[in-house]
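As a starting point, one isolated chain is supplied in structure tokens, in the form predicted alone.
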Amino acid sequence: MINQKKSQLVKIKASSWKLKKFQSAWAKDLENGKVLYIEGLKFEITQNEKKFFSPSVLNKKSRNISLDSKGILKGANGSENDIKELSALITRFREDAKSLIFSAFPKYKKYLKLAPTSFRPMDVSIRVTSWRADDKRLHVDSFPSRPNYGERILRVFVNVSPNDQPRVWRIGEPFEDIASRYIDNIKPYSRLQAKLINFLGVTKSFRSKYDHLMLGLHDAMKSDLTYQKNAPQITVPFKPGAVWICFSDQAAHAVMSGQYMMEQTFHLPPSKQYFREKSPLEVLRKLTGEKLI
């Protein structure tokens, strides 16, 4: 049995995607970097929609199928009608995810920015990537080309596998422990280099010291094979139908296996959290004693 006071996984129950009131305990656990495993929710797939559960639905040039904020579907194969039906399926999940987050954490609603919604039909266990892109290694999310200046990455996931296949995650130690472990080994930040890579188009905006540190933590974790093996962690098989949420820039995670998942990302300013001192930005500020953005 999981000790929820100590574990980075918290199991909770809900019978509806739209909750009746603010969940203060959920907010505390979520903003402490824990993964919330929500039991009791259902996301229905119609008989006709089951035709989309094949790797062939994914364009060979794409990693995932995504629906952008304007409702445009990218990365999918199929007829015009197929694209319309698949878009409707993904939109339905988007609306459920919004209902869950907006009702559970009403303070967020006004400030959340909606990012693309994804459908992931590939088996992650056979994906071949570089070590930096290998999400089977424990990491916190940080993206080399997309500085975010401390903005939180909130994600809602659902396992929609029709084959009784779990989505297996490893969940690691608290963010504060990771930052303390690696921060002194991250190479010094250079504003000149940040200006240069922005000028060359390597980054979409100027990389702040915060983004430099977060990317350093991401890379340090993934490159440390001893850490990958021996770090405090648990393995969690999210069964078909399971819903889970986390701040993926804070919750250390690795995706080991699974196929057919849907995911909704939101972005939130750290100043709009319930417990802003728990954000990675504030944790790193305390450790460095510096203004990072």
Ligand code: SIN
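Everything quoted here is computed from the prediction, not taken from an experiment. In case it trips you up, residue 1 is the first one in the sequence shown, and so on.
Just so it is clear, the following notes concern the form predicted in complex with the named molecule, a form of the same protein that is not shown.
The partner is not drawn, yet in the predicted bound form one stretch among 100-108, 137-145, 195-203, 172-180 has residues with heavy atoms inside 4.5 Å of the named molecule: 137-145.
In the predicted bound form, at least one heavy atom of Arg167 sits within 4.5 Å of the named molecule. The closest heavy atom approach of Arg155 to the named molecule in the predicted bound form falls within 4.5 Å. Among residues of the shown chain, Met261 is one whose heavy atoms approach the named molecule to within 4.5 Å in the predicted bound form. The named molecule in the predicted bound form comes within 4.5 Å of a heavy atom belonging to Arg120.
Though the named molecule is absent from this view, in the predicted bound form it lies within 4.5 Å of a heavy atom of just one residue from Ile38, Leu268, Val255, Leu58, which is Val255.
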